[in-house]
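Just one chain follows, in the form predicted alone, and it is written as structure tokens.
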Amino acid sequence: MRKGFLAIGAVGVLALGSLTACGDDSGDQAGGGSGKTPKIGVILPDSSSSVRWESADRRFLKEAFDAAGVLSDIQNAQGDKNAFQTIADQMITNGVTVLMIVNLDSGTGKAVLDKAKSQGVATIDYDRLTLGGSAQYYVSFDNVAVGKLQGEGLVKCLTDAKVEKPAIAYLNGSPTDNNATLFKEGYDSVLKPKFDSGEYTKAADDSVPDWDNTQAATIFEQQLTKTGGKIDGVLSANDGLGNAAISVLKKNNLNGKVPVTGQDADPQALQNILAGDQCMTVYKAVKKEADAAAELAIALAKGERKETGQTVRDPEGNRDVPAVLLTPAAIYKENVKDVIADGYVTKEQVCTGDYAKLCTDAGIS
């Protein structure tokens, strides 16, 4: 059952089922219009930076393709750039008419997209924009808005805790991921004015290569040591990095005393929020993202183009990419239940062991 609170729509005019067909440009890839059997290839990035790729994106994309009766091949590169390119080559060789990718970095992504284009395969950037790439569409969430919610969330939790002149540590996402840049733009828009005024201080500001949670724990431990334990809030760019910080805070008996942000609303993060160890997370209704991307991919596979009513600027490619951007939502202890009610995670995944009572207390039934 899906609740009205999480009826998250697109930023722009796109609504599922309302994409408008338009004439093909002569320079567009042919996709299914070439007479080939429509087949869609999807390359996911990994399963370590976030559980969402396997638990949500794969599932929702497959359901959408199956419902449309379109063949699909969904694989995961597991963070390996060579494997990413090999999978792409195999998919192109095996006759996909559309290739949808979540790039590991823009360089690798661009090489794959350009090769697909040269072979007449239509392409979509899913979740991450490939800078300098050639994808015909980009489908994601408003990632600056995601970061802004994180910044606002950290401020709310520090204010609620009545922390004066808090020292903030940043655990940014991978420097090779354009989304991480956009998240930082969002939370900087909230926190930089506070740093500039002296209301807050920035204790540390580090990026985590490849969103690696093990490295994140090491980096945060170093941040805590360098500051003599004086960190009052952690702006972590996703739940995996947030949980890494929480693991270090636990070792120092600081968990629950230092607000930590996140993103993805994964089961562990929701448990952390219920336990008071994590301040908040940002929920992105992946089903809506997957459905929007699948609808565009299915159209391309059939040789059609659709209007999205919105574009995103690719500064490296010096072009405007037709885009669908969806709206994220902030999740705190009081509305964890909404993520479960939306079907993104199940009660059984979250309300285990010691968390069962916390779920009951939070109104999760």
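Position 1 is the first residue in the sequence shown; the rest follow in order. These figures come from a predicted structure and were not determined experimentally.
Although it is not shown, the form predicted in complex with a small molecule is what the next lines describe.
- Contact check for W211: a heavy atom falls within 4.5 Å of the small molecule in the predicted bound form.
- Within this chain, Y283 is remote from the site of the small molecule in the predicted bound form, having no heavy atom within 4.5 Å.
- In the predicted bound form, the small molecule stays beyond 4.5 Å of every heavy atom belonging to R305.
- At the 4.5 Å threshold, heavy atoms of T130 stay clear of the small molecule in the predicted bound form, well away from it.
- Remark: of stretches 189-197, 246-254, 83-91, 261-269, the one touching the small molecule in the predicted bound form is 261-269 (heavy atom within 4.5 Å).
- Contact annotation: of the candidates Q136, Q223, N172, N179, the single residue with a non-hydrogen atom within 4.5 angstroms of the small molecule in the predicted bound form is N179.
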